[in-house]
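Included below are structure tokens for two forms of one protein chain, each presented in isolation as structure 1 and structure 2.
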Structure 1
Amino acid sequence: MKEAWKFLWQMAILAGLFWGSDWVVRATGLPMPGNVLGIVVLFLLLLTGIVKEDHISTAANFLLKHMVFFFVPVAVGLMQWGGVFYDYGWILLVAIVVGAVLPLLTVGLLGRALRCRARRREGESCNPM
């Protein structure tokens, strides 16, 4: 029972952080999504030690483990756009696939190479794989 309350309390902290950040974004017109500000705020709270890891870790780990679930209904929403995807069919498909594969390779290969370079500069060995 105590565990359940702890979990709910931690969920409330995360939800509160999100709602607070979302409110700030709406009120100030900051050019970023509320959840992005929320990540930055919680990161700073953790860095400064105002929030400790175990104040939120039970709920946070649960949400992170099941984060994909919340995107299932988002993807279901694609069914409303069947018409557009039907009209422009393969061009959209090509544009989206090429526009995903190229940057995936860019970031993957460049990220790996740049990290290796940084490691070598500090005298570590690095196998670029």
Structure 2
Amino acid sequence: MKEAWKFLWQMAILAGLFWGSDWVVRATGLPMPGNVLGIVVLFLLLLTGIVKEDHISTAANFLLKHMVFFFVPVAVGLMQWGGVFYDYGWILLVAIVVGAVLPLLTVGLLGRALRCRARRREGESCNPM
């Protein structure tokens, strides 16, 4: 019984963060979704130690474990857009592939350049390729 109350309390903390952040976004007109602001606020609260990891870990693990179920309505909704996928499928596919590959290449090349820079500072040689 104690675990159930702990879980409900942790869910209330996460829901309160979401609703509070959503309210702030609506009240101030910030150009971001309320859930994104909630994640930023939760990150800052965890970083400062105001909220400890064990204050939300049970509920967060539950939500992460069952995250796939939250995408079911989105997937069902996409089925109504079959005509759009039929007409613009190749363009969408290219956009998805470029959108996935470009950040990977950018981060990889940046990581390699930073590693080479650190080695050069230490006096070691670095082969960029």
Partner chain sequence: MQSYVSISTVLCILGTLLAYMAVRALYLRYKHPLLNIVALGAAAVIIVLVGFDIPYAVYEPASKIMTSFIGPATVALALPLYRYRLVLLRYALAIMGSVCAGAFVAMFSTGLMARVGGLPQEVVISIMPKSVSIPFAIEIAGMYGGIPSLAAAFVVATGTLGSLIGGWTLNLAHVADPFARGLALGTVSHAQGTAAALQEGEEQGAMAGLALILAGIITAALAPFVVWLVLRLPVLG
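Counting starts at 1 and follows the sequence of structure 1. As the structure is a prediction and not an experimental result, all values here were calculated from the model. Rigid core (definition): largest C-alpha set, two forms, superposition within 1.5 Å.
Only structure 2 of the pair represents the form predicted alone. In the core-superposed comparison between the two structures, the C-alpha atom of L63 has shifted by less than 2 angstroms.
A movement of the C-alpha atom of C116 reaching 2 angstroms or beyond is seen between the two structures when the two forms are aligned on their rigid core. After superposition on the rigid core, displacement of the C-alpha of V94 between the two structures amounts to 2 Å or more. After superposing on the rigid core, the C-alpha of M79 is displaced by 4.3 Å between the two structures.
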